[in-house]
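Single chain ahead, by itself, as structure tokens, in the form predicted on its own.
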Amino acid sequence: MAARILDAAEALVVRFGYRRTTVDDVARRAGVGKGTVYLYWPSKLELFGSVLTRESAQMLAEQLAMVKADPGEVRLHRSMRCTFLQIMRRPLSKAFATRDYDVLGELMTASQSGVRFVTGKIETTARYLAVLYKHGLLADDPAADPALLYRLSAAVTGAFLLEGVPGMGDLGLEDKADALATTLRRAFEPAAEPTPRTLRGAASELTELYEQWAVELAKALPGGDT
């Protein structure tokens, strides 16, 4: 039932935007009563916050599967290339990354789930960078360079905010992802190629991190703590 409500909420917010979508609209599309929606979520804000949380969990599951299949996916430029493509192919995540407030409105800043979505991503990224440096996959020590996370965020965010800007050429989505990966590879990673053993060690540690975050995201969804 909760999943069906979330499906309805996601479809409506992508089509009409957060401000124009009501709980009545969601209930009607999901084929349930309005009261049923409120059994799971105390407010419209928290309902749509759960939509974001679920989407984050789905993307994390995809990344975890890729790391398990190929430890090389832990490398910064490959991980961020994957993230860029995931986000740009998901309308709701794309709206957040490109700051499309017509779609999201105050959703990201006002709901507890929305704040958890952002805070969890920042914390996990910081821990991810620490693991990369520990295994020699990052050129600079994030503990000694407080600006490293900012520099990385600026580079990645810039790739999203350039979407739709005139004069950026006719690059396809894959080409844009490759351009971002090249920038990150040259700016943040050591010149030497890592060994398979190094990649396996980092992948093992990061798998634990990703699985822990996946559990935390699942608990934030209806029924996740049962």
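For every residue, the number given is its place in the sequence shown, counted from 1. Predicted model, so just to flag it, every value in this text is computed and none were measured.
Omitted from view is the form predicted together with the DNA, to which the following refers.
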### Message
My question is simply whether residue 31 lines the interface with the DNA in the predicted bound form - judged by any non-hydrogen atom within 4.5 Å.
### Response
yes
### Task
Considering only heavy atoms, tell me if residue 22 and the DNA come within 4.5 Å of each other in the predicted bound form.
yes
### Message
I'd like to know whether residue 198 contacts the DNA in the predicted bound form, with contact meaning heavy atoms within 4.5 angstroms.
### Response
no
### Query
Taking 4.5 angstroms as the cut-off for heavy atoms, does residue 44 touch the DNA in the predicted bound form?
yes
#### Entry: Residue (of 39, 65, 162, 171) lying close to the DNA in the predicted bound form, criterion heavy atoms within 4.5 Å
39
#### Entry: Residue stretch of 171 to 179, 50 to 58, 185 to 193, 31 to 39 approaching the DNA in the predicted bound form, non-hydrogen atom distance within 4.5 Å
31 to 39
### Query
Using a 4.5 Å cut-off on heavy atoms, what residues in 72 to 93 are near the DNA in the predicted bound form?
none
